[in-house]
Structure formats: structure tokens, C-alpha cells
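Given as C-alpha cells, the chain that follows is alone and in the form predicted alone.
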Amino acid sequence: MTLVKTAIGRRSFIKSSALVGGGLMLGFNWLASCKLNPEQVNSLPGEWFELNGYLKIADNGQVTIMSPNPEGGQNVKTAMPMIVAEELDIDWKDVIVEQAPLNTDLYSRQFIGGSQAIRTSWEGLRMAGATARHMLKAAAAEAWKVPIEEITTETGTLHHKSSKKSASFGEMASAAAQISVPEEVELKAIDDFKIIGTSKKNVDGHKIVTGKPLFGIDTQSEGMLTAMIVHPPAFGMKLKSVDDTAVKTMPGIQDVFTLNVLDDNYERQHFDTCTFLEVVAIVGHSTWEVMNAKKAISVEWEPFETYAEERKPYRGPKQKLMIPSGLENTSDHKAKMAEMGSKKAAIVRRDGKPETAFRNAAKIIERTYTAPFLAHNCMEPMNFFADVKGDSAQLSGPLQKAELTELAISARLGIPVEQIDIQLTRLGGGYGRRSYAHWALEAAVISQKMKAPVKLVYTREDDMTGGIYRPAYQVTYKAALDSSNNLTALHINAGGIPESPLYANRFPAGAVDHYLAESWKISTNITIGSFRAPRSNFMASAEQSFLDEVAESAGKDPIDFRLELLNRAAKNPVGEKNDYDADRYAGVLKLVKEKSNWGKKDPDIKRGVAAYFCHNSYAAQVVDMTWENDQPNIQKVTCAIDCGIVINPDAASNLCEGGIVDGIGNALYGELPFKDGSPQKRNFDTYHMIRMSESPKEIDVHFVKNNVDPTGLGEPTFPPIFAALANALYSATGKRFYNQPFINEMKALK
């Protein structure tokens, strides 16, 4: 039995009230922790005690659960209410899920990012459901004049067995609203779960397949105008002049003007990344008319000078960034990274005496890995609707960090936050791209100027050439082996443009006596941002490819080699900052070894394995492929995941499958090269996204069964598949793949 407190001192996580017309409503905190002691309370931020969710039980028995987080395909709109419904003990068919609008007075952490939605809300959601169940039981006990301990619940019904009395939740909801919120409630035993751990259909599934308006791009409004922007054709350039004479007379065009996305004195926050601060807006009646005007407009651009940009990170002190002038080239990027990688860099972690270990090594293996800039390429183009009227604004669209974007919109429009209403639509893809919502600001400014509702739409070319990208990276790994083929030392030199991908405290740190990790970075005017499993998406590829090569050099099976290192990290770890659980890490490797029949030999099947820890979860994958007509044919991917308790197995498997397919596509084909600051791929005719025929024929997902609280799942299956694929390609071709995308090196084999 687990008892949790609903309040600490005078600070409450839950409050109740009566619904108009009858029923019970609970306001609760999604971030509430059930494991705090009074001494910890004073250190908590105020948001932990702000009520930010609603659970409504109507007198007809229907339960409405608000889902505040944006839904981008990760299925939180279904999974989060499942947690509440489980503790409430309601029949899932009686649950209605509603997307909550952006409301920073009612909700906190109302955004997508870091695979943290379920992890951070797990305890608060359970507490809310359990509290409502307790209050319903208390109401029934009072009505029937029996002890509350004798009241049981089952799928939305209250029972008193000895008197054979029963009532639906709806019948007791109004009476429950008069009951005081208990000081503590009992949570269900995990073994008693009936909803969590079972597969439930996506609550938006029917609307999606029948084409109901759910996405920002679907927005329509009476009198709505369509807007598009024109931005510089290259990074390192700015607006010089505009000749709109011919365009303004074109059919349907209402106005053409320049706009500054951010005010000069605006203090930028972490997600206020904006590639081009001054753009040209074209506004008209229809998308077609505006697109034609875009083609006809005459705009001149000029290089900008180096400038400083100050920004406040999401966490930590302000940063001052130097944005260099110049028109950059991919060939120069590669040369600069090679130069930086050959030098000593900032030491982030040192264990033992790595230099001595390398001098005494019987064998040294050194390899360098690179990856290019990547575009997010969400299936739904960037878009946003805005209707700004005087001192108020109504907006609607797909955002990942809505509550942060609202602050920027307020500052730009000069309208108080409380007068801005943002309706959150379903995202047609995010992956980090929709965290940097400068297009929402553009839509708002355009509407304010036009004094009319406006839907801003980016073309695919606008999005692909306007930032924001996954950075370009490079890492060099060097391993020392002794005469018995034991790994004695490891040196990592990692950097990128404009950030380093290094995670110095991740595996195999802690498993090697002598370890050195160095980091560097190169400034650029090409804007970057979060990309599915930031930094991990590259480091997993390089690390796990390198470990395979080291295992081969040591004459060891690649899974057994990893397990040896993890056994060392579990029993006798080096250092105290290792940020992974070696036993759980080993667990997914053992599971994938079993489920993939790793030891089984088939001469026609070429295999590769990889495992990685990120976003608090562990993933291991085995790729099975055949090599046909100088091309890989991926037959199967076996995936093992430890993400703690799985809420919705089918949806969780879908999320894993999506990460695997996405990773394979990026590993094989993804790259965005630059020439004179200009992206050389502008649409899907040149930027190769994975096709159906190139996807795995089968993906077999297995979850480690445990009672660990849920952790991340949207991102952890993405990073290791790069390396599992690379290792399978080596098995098929006899060639190691060091530079993404692998298609370039595959072509050299022909």
C-alpha cells in the first residue's frame, strides 16, 4: 500500500469544487510529487503548487480529463488520461479527453520536449485519480452510513457488499464535491492496474483517419487572409531593399511589407532562436495568389557583419553568442572540424591516467566519425493563425513550447499575456522544430498590421532553407587494448558546429579505468536547435559503431563485449558521475540478444547491434539485412526497451517503430549541404526522406517488464538505430561506415 499526501503544510496539490448543474471537479497539479518530505518543500518552485489540470465527473457518469500538453504523435493525449482513469477506477469508455488551450494560470510545463511528459506527470496524475476515487467513496459512505473502508469501486461504480448497495460515480459526484479533499490518499498497487498496461486507441484516431480538422494548417476563419514570408536565400545575408511595384497589383494581393520579427531591445530566451530577423511579408486572399507573388517579387540582399547576440538559456545564466559574418560552405565546415579535432580541447572528464595507458597499450584503435546538418522536415509545413484586435489576440497553431512562445508574442505585440489566447492544435510533426516558433510571431505581427485574421503558411522551401537544423558533428574515439585484449583506456574528442555533442558521463565512462573526454565547438551563422534526441542522435551512432570495431579487434562478440564493460560498471564503477544504471543497460542487451536469436547463424542475413541510454531510458536494437543489387534490404529490426512501466503498449510500440524508421532514414540519406551560405537541398526532390520500400519489413519491439516509474520513450529508440544499421552494413559489405549519410560511402562501393 502506498499512501501519498495531497498537501504539504498549507500548500495543496489538489482542490475540489462543484460543477454547475451537478458533479465534481478537481483542479490538480500534473507535476505534483508523491515522494516529498516537508524539508524538501521550501526548495520547490512555486509552479509545483499551482493547480493546472481538471478532472470533471458529471452526474451522468461521464468523466472529462483535460490534456494540457501539445499532441504531436507521441500519444500523451491518450496516455496521460489513462493514468488518471486507472487510479479513479473508471471505465475507459466513459472517459472524454479534451485538449486544453494554452493557459499559464492553470497549467505548467505545457510543452513537448525531452521525452519528459509522462515521467514528470506520473505521480501527479495518479494522485488526482486516487483523490477523486477517495472522495466518491467518502460520499457513498456518508450516504449509506457505513465505514469508508467497506466501500469498493469497480469501473465507475461504488459498492457496499454487505448491504448490497451500489451507485455510479455520476450519482455520487455532486455529493463528493461537498467532501473535503483528504490529506492523504492510497494509490493502487501496480499489480492491480486494469487500464495502464493495456492498449487503448488514440483518442484522436478516428478524427485523423476521417480528415477532421485537427491541425493548424486546417484553420479557417471568416475574412481570413493568407500570408507568406520571403527570407534571405543564404545564411550570412540580410535584407537590403524590396521592389514590390509589380507584386502589389497582382490578383488577390492585399499588401507587401517588411517586418522585424523581434524588437531590437527584446531579451531573447532559449527558444527565441530566429534565423532571419527581417523578412518580407506578402498577404493575399489565397495560397496560390500569394505563392505567385513570392515568385514575382524583387528583393535584394546583402552580407551582414559579425554581431553579438545575448540569450538566456532555458536553465542557467545568460549567454553571449558571436554570430560570425560570411557565407559558409560544407567543404569549409569539414576542414574546420578536422582541424579542431586534431587539437587538444577542453577536458570535461578525466579518470585515471589515460596518457600512460595509451603509451603502454599493446594495441591502439582510433577512428573519426562525422555527421552533417539535418533538416527536421515535419510533414505539416510551419503555419500559424493569428487574429489581433487592439489589445487582444486570438492565435491557433502547432507549437511545442507554447507557454514560452506566448511570452515572446506578448513582448512583440505590446499586449499583456492575459489578453493573448493560444489554442493548441495537433502537430503534424515536431521533433524539436516547432520549439522555435518565430513563424507564430510573424503571423501575429502581420495580423496586427493588417487588422484582420491571418494564416501564415511556410512552403516546404521556406522551412527547409530557413533553419533550424541539427548541428554538424565530429568525434574521434581512441581505445587502448592490453595484451589480453582488455579495454584499458578510452579517449573521446568531440565537437561540432556550433555545439559539442559530448555526454562525458555516459557509458562507457565508468567502465574503463583510464578515460579522457574533451570537447570543442565552432561558431557559425547557421541556426541550429533541438533535433530528436539532441546530441544523442550522433553520439550513439559513433560510440556504438566504435565499440563494435573494438570488440572485433579484441576477438569478442559485440554484445558480450558490451556486457563485460557493463558488468564492470555495475560491480566496480570508475568515478561517481556515471549517469546510467549499468544493470538496466545490460538488461536491454540481454533481452535483445534473446529475442533476436543473436547466436543463430544465417549466411544470407547480415546483422548489427547497438544500445544506448538517453532520456532516462535504455534501448538496444539488432538490425537484420540482406545485401541486394548493391543496396541494403532491411528485413527486420528487433528492439528492446526499458522505459519503466508502459502505459499503452500499442502506442508505445508505434513510438518505437517511428523512431527506428526515422533513424534509418536519417542515417542512410539525411544531409543538408551548404554552398556560399545557401542550403543546397530545398524540397523532397533532392532531400531524400526514407520511402516505404526502404523501411524495415518487420519491427519487433519488446519492453522490459518492471515496476520502475515511467521514463522517456519518444526519443530513446532513435539514436542507437544509426549504429545498429552501420554495424549491419559492415557485416554485409566488409566496410566500416564513418560518415553520415551512409549512402555517400555506399555509392563508392559500386
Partner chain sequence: MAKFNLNINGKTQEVEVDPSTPMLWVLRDHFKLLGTKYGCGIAQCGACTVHLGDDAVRSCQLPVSSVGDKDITTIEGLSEKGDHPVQQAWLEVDVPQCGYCQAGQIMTASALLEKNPNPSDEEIETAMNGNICRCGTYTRIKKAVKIAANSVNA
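Residue numbers count along the first chain shown, from 1. Not measured: the values here are computed from a predicted model.
What follows is about the form predicted in complex with the partner chain, which we do not show.
Proximity of Thr356 to the partner chain in the model of the complex falls outside the 4.5 Å heavy atom cutoff.
Proximity of Ile528 to the partner chain in the model of the complex falls outside the 4.5 Å heavy atom cutoff.
When contacts are judged by a 4.5 Å heavy atom cut-off, Ile690 counts as touching the partner chain in the model of the complex. Contact between Leu427 and the partner chain in the model of the complex is found at the 4.5 Å heavy atom cutoff.
Candidate site formed by Phe276, Pro303 and Gly414: none of these residues places a non-hydrogen atom within 4.5 angstroms of the partner chain in the model of the complex. Scanning Ala296, Leu321, Ala362, Ile208 against the partner chain in the model of the complex with a 4.5 Å heavy atom cut-off leaves one residue, Ile208. Think of it this way: in the model of the complex, the partner chain has a heavy atom of just one of Gly587, Pro498, Pro182, Pro381 within 4.5 Å, and the residue is Pro381.
Listed stretches are 549-557, 400-408, 283-291, 668-676; the contact stretch with the partner chain in the model of the complex is 283-291, by a heavy atom cutoff of 4.5 Å. For the stretch 182-203, the set of residues having any non-hydrogen atom within 4.5 angstroms of the partner chain in the model of the complex comprises Lys200, Lys201, Asn202, in sequence order.
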